[in-house]
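Next up: a single chain in structure tokens, the form predicted on its own.
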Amino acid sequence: MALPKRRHSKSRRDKRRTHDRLSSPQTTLCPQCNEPKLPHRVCLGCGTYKGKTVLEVKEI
């Protein structure tokens, strides 16, 4: 089985791992209440989706 003859540097190792990081979820603002929400999902702040009320949200 082949083995590396020389040790790889830390910068070379890190260059290989640049695409392994996690990306943060993209959010949009709700047009009704202007709270951040995930796209194509019901707003948890006001319970609307595409201008229609889908969920009943309890006020605390």
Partner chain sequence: MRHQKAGRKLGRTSSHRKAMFRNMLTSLFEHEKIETTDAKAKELRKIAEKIVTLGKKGDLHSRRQVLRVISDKKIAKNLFDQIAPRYQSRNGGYTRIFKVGRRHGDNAPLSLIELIPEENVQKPKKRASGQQKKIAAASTAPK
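Positions refer to the first chain, counted from 1. All values derive from a computational prediction rather than experimental measurement.
Same protein, other form: the form predicted in complex with its partner chain, not shown, and the subject of what follows.
Residue-level question: is residue 46 within 4.5 Å of its partner chain in the predicted complex, judged on heavy atoms?
Answer no; every heavy atom of residue 46 is more than 4.5 Å from its partner chain in the predicted complex.
Wondering, does residue 40 line up within 4.5 Å of its partner chain in the predicted complex on heavy atoms?
Because a heavy atom of residue 40 falls inside 4.5 Å of its partner chain in the predicted complex, the answer is yes.
Going by heavy atoms, what in 9-24 lies within 4.5 angstroms of its partner chain in the predicted complex?
If the 4.5 Å heavy-atom criterion is applied to its partner chain in the predicted complex, 9-24 yields nothing.
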